[in-house]
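There is one chain below, alone, in structure tokens, taken in the form predicted alone.
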Amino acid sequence: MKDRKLLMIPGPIEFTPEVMRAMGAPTTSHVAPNFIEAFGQALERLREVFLCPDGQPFVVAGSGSLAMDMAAANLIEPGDRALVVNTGYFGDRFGEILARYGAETTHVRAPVGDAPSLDDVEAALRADDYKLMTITHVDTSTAVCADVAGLAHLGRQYGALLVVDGVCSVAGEELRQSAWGVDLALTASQKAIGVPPGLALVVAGPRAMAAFQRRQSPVGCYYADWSQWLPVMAAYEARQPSYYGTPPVNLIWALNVSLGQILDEGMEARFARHRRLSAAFKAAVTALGMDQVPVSADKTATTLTAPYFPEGVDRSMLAHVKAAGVIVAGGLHPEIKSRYFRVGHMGVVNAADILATVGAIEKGLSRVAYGFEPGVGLAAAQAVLLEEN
């Protein structure tokens, strides 16, 4: 009997056997020739996954919050103005990080489940001179997906650097860093990149690097300072040993394996697969009578779904879903935390995972005496999955 549960939270996600084998392989020296080759290849592959051929990648031991911290520490100097396009919990976090480095920060907000309009953001950009604008591509607390392409176009018009928190989007949600004019994008290994937690991943474009090089004051965080990391990244790409802090060797081996798998699938095919699986799961949620946190389909992520519990159902349902073999996540946004739950579907997720998750949710709903037609969610999901690609 298979004695493990399917992990369908917004990260960590399920990982491929090849990635897990890399994690469990004997640890090499961080200056071993075969590791240098793997690290250098991973840096090159990151440009392809981020769709940023002229970007500077950084791979550093840490979480997604470290990636956010690196962006703020290296691009912000005391007194700089920063605009946060805020769609939830992680917009708040980015604002706090920016303020820690001395930024004068303004938030453009919307009600929970919505995103600020382009008109609202443009009004804020017109009202002040901002060095930098941050966008949470998919806020993990709400499953709201921001219009990165539209916002980036606006930011460029008004001379602001565009920083995208892609922790819950990169390698799942469509993101075209160079084509859309995004100056810096960041993520973490445990989401759609498909590697266990522990890597902060950043790709900085030419305008971001130029802004960093024009700094008048030292970077306020020793560990995050690009001055320390740039020679290391350059050395590994040149297939030369280097050292600043010991890299997480097995995680980087695993990263290179996963990036290779992502590129073998192809970015266009990967974006399309995530859209299809997301549509199937969301069709099931709707068929089961559950609303979602995002207020409309055009503001909804493809890597994540955030359904509200049906009337009369609370989070006790989640224990029954787990007993049925699938782990999903509770709510995170403080204003609605007890009213909804979250299901991640990114990375190597497939149609069978979607159907297993819908089946477990139906089982959970039945255990709390919610009235619905058994199988209605599964039928809705399957109808989408059976459509022509």
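These numbers come from a predicted model, not from an experiment. The numbering used is simple: start at 1 and walk along the sequence shown.
What comes next is about the form predicted in complex with a small molecule, which is not displayed.
- Proximity of residue 190 to the small molecule in the predicted bound form falls within the 4.5 Å heavy atom cutoff.
- Interface membership of residue 27, defined by any non-hydrogen atom within 4.5 Å of the small molecule in the predicted bound form, is ruled out.
- Proximity of residue 364 to the small molecule in the predicted bound form: non-hydrogen atoms within 4.5 Å are absent; the residue sits far from the partner.
- By the criterion of a heavy atom within 4.5 Å, residue 140 is counted among the residues contacting the small molecule in the predicted bound form.
- Using a 4.5 Å cut-off to the small molecule in the predicted bound form, not one of 318, 338 and 340 places a heavy atom inside that distance.
- Heavy atoms within 4.5 Å of the small molecule in the predicted bound form are found in exactly one of 70-78, 268-276, 305-313, 162-170, that being 162-170.
- In summary, among the residues 347, 64, 55, 344, the only one with a non-hydrogen atom within 4.5 Å of the small molecule in the predicted bound form is 64.
- For the candidate set 156, 93, 299, 131, a heavy atom within 4.5 Å of the small molecule in the predicted bound form is found for exactly one residue, namely 93.
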